[in-house]
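Next up is one chain by itself, shown in structure tokens, the form predicted on its own.
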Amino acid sequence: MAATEETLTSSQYIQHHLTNLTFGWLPKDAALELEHGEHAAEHLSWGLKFAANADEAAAMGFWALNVDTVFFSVVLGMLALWFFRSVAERVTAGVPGAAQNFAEWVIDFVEENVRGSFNGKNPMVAPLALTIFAWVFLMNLMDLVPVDLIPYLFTQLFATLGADPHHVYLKVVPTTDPNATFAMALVVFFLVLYYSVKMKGVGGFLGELTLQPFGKWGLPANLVLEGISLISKPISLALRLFGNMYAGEMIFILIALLYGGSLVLNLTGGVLQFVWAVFHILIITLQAFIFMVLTIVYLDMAHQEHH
């Protein structure tokens, strides 16, 4: 938000970067509560709209849409599909190019992890693992883009349309939004439930929940323990990715606050940003790898039958 740095305090700058571009229905009563001043009703803004601040976004409730999260996640997913499809269309048995070498390395890496962690037979697991790794990695990779670059370009675009740049929000890292990480984790969770029932039957699946690990005489304790273990899978999967990426983004934002001061602070900010970016390459790759591996492990557990 370089265009607004002169008028925003440090806390406002941080809050601005951590607020999604949210679109939804703002109820009139909620808008009245958020408005201030004697003539609040005269400039009251309510209805279907983009949220003007974090309070309005919260007041829009569950069905509000984080437009930036959806946009960047879809674009990055399409980018991954385009890359692998374009490589597949030009694949050669002769001397491969750099793109084919890289694609084959990624595919071999994923297949090796599937072979090592998945003991069942399911042709869907490897493509799913590849999709998860490539997609999550690209979404995490957006964290290495300078925090003010894309939001600045976005505010300039909206400024030409007459919008107040203070009311233009944009988060470019989809995995710093818990809505995105929980959505992916829930898809994995539903796949685990589906294959658990498909491979073991309804009776076998319920038997695992009620008879493991203490047998039929420990049914209440079994149900509590296995139920918690089952529900914790998507929660831990989502929160692990969100927490690590959110913390990394916060550090980049705090480093960005050093800019605009003295020359020493500018140089310090540049060095810190470079060092953290280099270290963060490991984090974004590791988090994509962990999400992929846990997905493979959970699906392997769903295919196992206990007797």
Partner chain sequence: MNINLTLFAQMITFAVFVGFCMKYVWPPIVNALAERKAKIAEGLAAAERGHQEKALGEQRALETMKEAKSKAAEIIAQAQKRASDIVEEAKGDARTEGERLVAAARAEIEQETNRAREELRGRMTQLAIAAAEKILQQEIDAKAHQSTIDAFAKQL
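Since this is a predicted model, take the numbers as computed values, not measurements. Positions refer to the first chain, counted from 1.
In what follows, reference is made to the form predicted in complex with its partner chain, a form of this protein that is not presented.
Judged by heavy atoms within 4.5 Å of its partner chain in the predicted bound form, the contact stretch among the candidates 146-154, 205-213, 82-90, 218-226 is 82-90. For the three marked residues, Asn20, Val70 and Met124, a heavy atom of each sits within 4.5 Å of its partner chain in the predicted bound form.
Contact check for Ala57: a non-hydrogen atom falls within 4.5 Å of its partner chain in the predicted bound form. Although the partner is absent here, Pro178 sits close enough that one of its heavy atoms falls within 4.5 Å of its partner chain in the predicted bound form.
Taking the partner from elsewhere, Tyr246 is found to have a heavy atom lying within 4.5 Å of its partner chain in the predicted bound form. Heavy atoms of Asn113 never reach within 4.5 Å of its partner chain in the predicted bound form, leaving it off the interface.
Interface residue among Ile255, Ala64, Ala52, Ala277, judged by heavy atoms within 4.5 Å of its partner chain in the predicted bound form: Ala64. Checking Met184, Val173, Leu170, Leu138 against its partner chain in the predicted bound form, a heavy atom within 4.5 Å turns up for just one residue: Met184.
Scanning 219-235 for heavy atoms within 4.5 Å of its partner chain in the predicted bound form gives no residues at all.
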